[in-house]
Structures are given as structure tokens and as C-alpha cells.
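Single chain ahead, by itself, as C-alpha cells, in the form predicted alone.
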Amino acid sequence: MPALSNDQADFARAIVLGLDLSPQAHAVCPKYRVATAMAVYHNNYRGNLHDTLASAYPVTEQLVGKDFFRVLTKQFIEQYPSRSGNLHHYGAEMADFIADFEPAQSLVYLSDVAALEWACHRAYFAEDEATLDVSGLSKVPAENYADLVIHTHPACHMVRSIYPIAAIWNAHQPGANSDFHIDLDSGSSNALVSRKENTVMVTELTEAGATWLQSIRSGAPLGEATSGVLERYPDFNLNTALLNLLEQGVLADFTLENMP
């Protein structure tokens, strides 16, 4: 068994790295060009990973073009080989990779767009979970509202950027108006990723809304999160924020901080 395991490990490394097999492998099939077969395996491996990345980062591919994206993914794959049998996990490092990828430096917003796309990818494959039952909230005495700890759905993510990444993402979705103009100097973006009925959505949050949601997601009870936001943003409207998040399926359930 150890010899078989070593052979399998050598075979896997050869496929991933595009290396030749050991002389013993050539001796097994002297009439067959092992190098040719390994090249086929290696190209299939890279092709599958490229297609996986293209599926996870369709907007990034649209922004740079298919040829550039293929060059980008080729180098990404060389630096980050697949380490899981589940390809849905592959590509998590793309945003950081793009930030350091010299040919992409002129597209200053691209790494943040990639971070948003990975959040969308994670949202799509997140576990199913029931959203908040409003009728359950009505059973909580008003004096206990401040102690509510509201939990968010597993598909909920927030990506903050100095660039309008939510607008960029939405402008590149199927059915979007092709006649658009996005001002990169228009200000920061608080992109909220959510999923409703198997559809991933990206919407904008105000600074107040993003700060409140971030506090809620960190586990702060409702009273603490709300009072903290109101100190900085007196115009924050809690009812409006709750209704918007409920509509988007962001809120999952709740507990009481001091529940016995």
C-alpha cells in the first residue's frame, strides 16, 4: 500500500505541476508516450479550474475580457492549486491575488469587485435556513426589545469598498441596461449580499445601515447596536432598516441576551 500511495502522490503532483513522471512509470508502458498522456491530464486539470473560476467570477471576466482573464487564471492556478475535492471551495484567494497582480493594477477597483463576487459565490452555496419569523417577535415584551440578539442568514455578507462595486456588479448582470456610466469617484460602497428564493442579490447600504448591520452580526444586542449607530448617525431609522433586511431575507432568527 505505501508504494501505491507514493505512486498516486507522484501522479497527482505531475498533473498539478505539469511535471514528468518518474522513470518507473515509463518502464510500465514502454510503447506509450507517458508525457503526452500527462500533458492531456494537466491541460484538463487547468481547464477545469479555469472554468470553475470563470463561473465564480463572471463580472471580473467581463471587466477584463476573456483573453486577459485566461492569463490571470493561469497564473492564479499555478500559485493556488486546488486542495479540495469540492470545486465550490476553489478561488477564495482571487481578490488578494488580483491586488498583487501587476498587469491588473490599472483597474484599481478590480480586487474589490472580485471580493464581492466571492461573497456572492458563498451566498449562493450557503446552507438553507429559515428567515426571521416576524410573528415570533410580536411575542417578545416591549421591555425586552433592547436585549434581542438578531442573527443573520448564512447567505448574508457585506463587502465595503472605496469604489462603487455594488453598482459595477449590478451593471454587469443579465438584463442590465447596457447604456450605463459609473463614476469611480462617486464615493464608497457598502455592498450587501443576500439570497432570496435561490437568487443572489447585491444592494447598497448607507453608512448608518452598514454600521448597524455590522454591529448586529458581531453579536451586539439590538439596543446596544442601535444606540451606538444613533450616536454617529442621528437620522438612522431602525424600522426602515429592519423592514429592508426582512424583505431581502437577511435576518434569520433571534435570541434574548439575558434568556435563562
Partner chain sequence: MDNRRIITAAIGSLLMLGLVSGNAMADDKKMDMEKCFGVAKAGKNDCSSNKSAHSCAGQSTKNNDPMDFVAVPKGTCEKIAGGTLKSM
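From a predicted model like this one, the values you see are computed outputs, not experimental measurements. Positions refer to the first chain, counted from 1.
The same protein has a further form, the form predicted in complex with the partner chain, not shown here; the description that follows concerns it.
Put simply, of I216, V202, A210, V64 only one has a heavy atom within 4.5 Å of the partner chain in the predicted bound form, and it is V64. Here the marked residues V71, D133 and S178 all reach the partner chain in the predicted bound form, each with a heavy atom within 4.5 angstroms. Contact between Y80 and the partner chain in the predicted bound form is not found at the 4.5 Å heavy atom cutoff. Contact check for N48: a heavy atom falls within 4.5 Å of the partner chain in the predicted bound form. In the predicted bound form, the partner chain lies within 4.5 Å of some heavy atom of P103. The closest heavy atom approach of L222 to the partner chain in the predicted bound form falls within 4.5 Å. For the stretch 229 to 254, the set of residues having any non-hydrogen atom within 4.5 angstroms of the partner chain in the predicted bound form comprises L230, L238, N239, L242, L243, L246, in sequence order.
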